[in-house]
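In the form predicted on its own, a lone chain appears below as structure tokens.
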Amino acid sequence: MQVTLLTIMEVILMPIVAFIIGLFMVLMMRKLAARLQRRVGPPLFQPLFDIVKLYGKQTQISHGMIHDIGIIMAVGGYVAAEALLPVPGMDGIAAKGGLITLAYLTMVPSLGLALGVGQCANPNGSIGISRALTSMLAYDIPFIIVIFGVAYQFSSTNLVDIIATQQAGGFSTWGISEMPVLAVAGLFAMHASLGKQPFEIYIAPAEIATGPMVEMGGKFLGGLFVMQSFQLYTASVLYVSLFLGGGENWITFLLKSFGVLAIPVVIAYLFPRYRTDDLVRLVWKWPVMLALIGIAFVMN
């Protein structure tokens, strides 16, 4: 009974922790962008202020229940995923869910966004969603191959066991040491999944009036801001868990997570975005090739 109660508390607490850390990740992303562009950047609590402001606005237009459900799916997919991402002192239900369940949950937000925007019947939104789903198809293939390689290497899809195995032997048993090619492919797939330059084709504000966000305002746009916080956290923590030994304590956990996220963020603001066909061609070529080479090394 006590173990069950502790698990329930962890499942409730883990998304809250993820959201708070995710807000600071959004802040770091904006600060890095500002520094690269020779600006000062936003103040400390600006990401939180943005969300509060958007939820405080009255939404004038309603697109029906499906529109609301789409936003709930977009945020809820990541909220559910946090319970499967072990952090120092909290495992949640990671031992029961595994990598396969986690991979499915990370796909739910994009599908929810497509469902919600599709209800609006706005052609600009539909263009953005078609690009978003094409992007998801592109980066999910190397992502699944990478997950397969990691599971094969550690003979488990349980993230708790994978992290424990890496921590037991130190740096030499980390995924990035044993599977460096897969780690590079995983970082590539992670960058593409975040939808930042050069992979932000489905946003493309100069082309399609902000794509999926064209019909999002007030609480709906606030929901997308919340989703972004969870997205940055989920992608970076998953990479840390698979290749960097997880977090031995909160200090190393945060340093690794923010450090991993800084790599695609810096790259994002140094390169222009690709077209949809270029994105698919690039992602299906290099990260998939690297992931397959990495699996070949793992199996040998």
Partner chain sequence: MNQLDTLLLISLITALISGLGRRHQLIGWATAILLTVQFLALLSISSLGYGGTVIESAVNLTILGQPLSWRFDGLSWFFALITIGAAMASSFFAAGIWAKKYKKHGGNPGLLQFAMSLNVFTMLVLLASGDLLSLFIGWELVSWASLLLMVLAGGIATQWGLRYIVYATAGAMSILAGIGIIYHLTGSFAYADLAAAASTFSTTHVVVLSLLFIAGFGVKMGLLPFHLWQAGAYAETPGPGSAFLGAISSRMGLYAMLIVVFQLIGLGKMIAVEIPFTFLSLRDLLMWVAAFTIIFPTYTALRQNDARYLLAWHGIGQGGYMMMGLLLLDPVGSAGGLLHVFNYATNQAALFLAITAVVYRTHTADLNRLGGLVNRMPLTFLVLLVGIIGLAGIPPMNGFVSKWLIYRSLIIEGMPLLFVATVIGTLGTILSVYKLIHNTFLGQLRLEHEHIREVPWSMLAPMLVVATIIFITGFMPGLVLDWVASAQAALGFTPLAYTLGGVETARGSLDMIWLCGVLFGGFGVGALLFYGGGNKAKRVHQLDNYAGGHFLTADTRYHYSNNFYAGLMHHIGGWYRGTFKWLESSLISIVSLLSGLTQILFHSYHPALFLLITATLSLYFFIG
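Numbering follows the first chain given and starts at 1. As the structure is a prediction and not an experimental result, all values here were calculated from the model.
Absent from the display: the form predicted together with the partner chain. The rest refers to it.
Not one of Thr252, Pro272 and Gly294 places a heavy atom within 4.5 Å of the partner chain in the predicted complex. In the predicted complex, Pro86 stays away from the partner chain, with no heavy atom inside 4.5 Å. The shortest heavy atom separation between Ile72 and the partner chain in the predicted complex is within 4.5 Å.
In the predicted complex, at least one heavy atom of Phe148 sits within 4.5 Å of a heavy atom of the partner chain.
At least one heavy atom of Glu215 is located within 4.5 Å of the partner chain in the predicted complex. Heavy atoms closer than or equal to 4.5 Å to the partner chain in the predicted complex belong, across 148 to 182, to the residues Phe148, Ala151, Tyr152, Phe154, Ser155, Ser156, Thr157, Asn158, Asp161, Thr165, ordered by sequence position.
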